[in-house]
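Take a look at this one chain, the form predicted on its own, written out in structure tokens.
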């Protein structure tokens, strides 16, 4: 009976994103090869692997950020809840409202803390009046565990915050458009250990509302924050599965070599 209950719990968790036979080329360089990945809803998925292995390139496929690179060509199928995100009828701007992104280096806009968070809802027309916008700003700053630190200086510049606070502000900005997916490209690599711990705690909180996909060079971080992990190597996904299995009982010798520090 216990096994049936476990199986039903697994079945309830649906795929948010499905990628099939994804190829990415930079000019003649074949950077991503035949990637097949299913990303579950309300789960943190980590992409790990050596530098230059294609994890960030693949992450940028999920909200068409690679469209901004002239030499880049993406092939294959990527769907979010069954919708082909590369269909010509899909507006990349609307897609990026649905698939938020947080970058490696905190990059707040040169605006006030309030306006950083309000920017997305304003341009996408998500609020009807100032009171609604105020509510969104407060709610997102609370979700980003920043409200208590900035509530008395919302009109101060976002660039005046500490590095960890700036990154949490960028997370608040990314979730202000009510995305379904949140992409994070090494969000803690520029932060000190205390700020990193705060962001990791935040990632764990956010998975109750979003699918979170994080690229990290830190295997310890992947083990701490994710439920599923994909190991990239030389543009391929070598292995993908539950994080505990990948780290304790990898199926592929290349995964084991990377985790034990023999390659990377």
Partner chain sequence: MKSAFSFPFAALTLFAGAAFSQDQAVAEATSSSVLYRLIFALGIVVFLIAAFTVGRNRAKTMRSKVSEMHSLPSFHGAVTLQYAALGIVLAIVLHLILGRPLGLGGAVAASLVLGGAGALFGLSTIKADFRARTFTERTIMVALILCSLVAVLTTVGIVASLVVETGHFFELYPASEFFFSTVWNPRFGGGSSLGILPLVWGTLYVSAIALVVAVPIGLMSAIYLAEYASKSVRAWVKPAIEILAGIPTIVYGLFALITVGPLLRDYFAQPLGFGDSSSSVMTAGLVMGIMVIPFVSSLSDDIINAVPQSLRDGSLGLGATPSETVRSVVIPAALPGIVGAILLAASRAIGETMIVVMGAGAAAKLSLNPFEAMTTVTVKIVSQLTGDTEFASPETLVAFALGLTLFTITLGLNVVALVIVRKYREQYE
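Keep in mind the model is a prediction, meaning the values are calculated, not measured. Numbering follows the first chain given and starts at 1.
Below: the form predicted together with the partner chain, not depicted.
| request: Consider the chain as shown here, without its partner, and state which of 146, 137, 188, 99 has a heavy atom within 4.5 Å of the partner chain in the predicted complex. | output: For this set of options, the contacting one is 99.
| query | If you check 37, 202, 65, 223 against the partner chain in the predicted complex, which one has a heavy atom within 4.5 Å? | reply | By the 4.5 Å criterion, the partner-contacting residue is 65.
| Can you pick the stretch from 160 to 168, 190 to 198, 123 to 131, 146 to 154 whose heavy atoms fall within 4.5 Å of the partner chain in the predicted complex? | This holds for exactly one stretch, 123 to 131.
| With the cut-off set at 4.5 Å between non-hydrogen atoms, does residue 60 touch the partner chain in the predicted complex? | Heavy-atom contact with the partner chain at 4.5 Å: present for residue 60.
| message | Test of understanding: in the predicted complex, would residue 93 fall inside 4.5 Å of the partner chain by heavy atoms? | response | It does: once the partner chain is placed as it appears in the predicted complex, residue 93 has a heavy atom within 4.5 Å of it.
| Is there a non-hydrogen atom of residue 111 within 4.5 angstroms of a non-hydrogen atom of the partner chain in the predicted complex? | It does: once the partner chain is placed as it appears in the predicted complex, residue 111 has a heavy atom within 4.5 Å of it.
| query | So in the predicted complex, does residue 141 come within 4.5 Å of the partner chain, heavy atom to heavy atom? | reply | Close contact is absent here: in the predicted complex, residue 141 is far from the partner chain, nothing within 4.5 Å, heavy atoms only.
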